[in-house]
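Shown next as structure tokens: one chain only, the form predicted on its own.
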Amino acid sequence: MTTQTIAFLNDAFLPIEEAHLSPLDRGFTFGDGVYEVIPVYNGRSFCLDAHLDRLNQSLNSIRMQPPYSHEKWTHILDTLVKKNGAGDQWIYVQVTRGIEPKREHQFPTQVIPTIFAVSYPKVYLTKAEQAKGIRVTAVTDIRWKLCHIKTASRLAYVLMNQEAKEAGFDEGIIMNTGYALEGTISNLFIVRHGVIYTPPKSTQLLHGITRDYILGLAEQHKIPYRESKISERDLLKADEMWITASTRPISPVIEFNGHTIGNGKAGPMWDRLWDLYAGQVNNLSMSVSN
């Protein structure tokens, strides 16, 4: 028997089949909204405050007021996770500028946001499964200039990701003027001579929560890292390469553009960071299989 998925829509919990949105919602007509994806381990949201901080930053960037406090969001999302069976899940949250009676480019005079959230079961990969690695390719940047905002307007990312998938790769690495910025659904890291490198924060890439968490672990354990530009040559000469994302924390890359990275296997730095990440998750009474 299939368990019914519960969603949250505008202050109400209801079955996902009953969560109806107006075609006049600006999230539909303009992609005028922002979103977050939050991992859940053993019924507990991971780095929730950091995700909510970024949600508020994205809202402020598109000139919207955050609809709820962190405390109210925490109550809503904890309740949602419980209603959907707890365990390992992932949460999707989206806030749009709401419905207007007539499609106009300028903001509506009265903004009543549409607030939506849903969570789904998630089987997180074990360390052994992750260690098999993924293959990535370069894709040309076709995005707008404010990529640090986690906007619901995702068409450019969809097209770049599809380009990589149709070429037979697991992910695309976005290149702009010869430098790597991030993946189409991930942040990027390489390792050279025992030092971790990742592109610096800017308007050209999303400031990933998992990215920052990994750098925090590196700093805590005195692992050298640098935030600096990464060229295509740097990628080809990397000893290790990884991508990070909320629902796939640290994925080793074994091939870039048909070129083998390192020895074609997950490297020792990835192995160490995976264990540190999993240890932190387990310390918070969450579950990550090793």
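Small disclaimer: the values here were computed from a predicted structure and weren't measured. The first residue of the shown sequence is 1; numbering continues from there.
The same protein also exists as the form predicted in complex with a small molecule; that form is not shown, yet it is the one meant from here on.
Visitor: Exactly one residue in 186, 96, 119, 198 has a non-hydrogen atom within 4.5 Å of the small molecule in the predicted bound form; which is it?
Guide: The residue in contact is 186.
Visitor: Which of 42, 247, 29, 60 has a heavy atom within 4.5 Å of the small molecule in the predicted bound form?
Guide: So the residue touching the small molecule in the predicted bound form, by this definition, is 247.
Visitor: Looking at the partner-bound form in the predicted bound form, is residue 154 within 4.5 Å of the small molecule by any heavy atom?
Guide: Residue-level check for residue 154: yes, a contact with the small molecule.
Visitor: In the predicted bound form, does residue 236 come within 4.5 Å of the small molecule, counting heavy atoms only?
Guide: Residue-level check for residue 236: no, no contact with the small molecule.
Visitor: Flag residue 37 as yes or no: does it have a non-hydrogen atom within 4.5 angstroms of any non-hydrogen atom of the small molecule in the predicted bound form?
Guide: Yes, contact at 4.5 Å.
Visitor: How about residue 84 - does it come within 4.5 Å of the small molecule in the predicted bound form, if we only consider non-hydrogen atoms?
Guide: It does not: once the small molecule is placed as it appears in the predicted bound form, residue 84 has no heavy atom within 4.5 Å of it.
Visitor: Can you tell me which of 255-263, 219-227, 29-37, 61-69 lies within 4.5 Å of the small molecule in the predicted bound form, counting heavy atoms only?
Guide: Result for this chain: 29-37.
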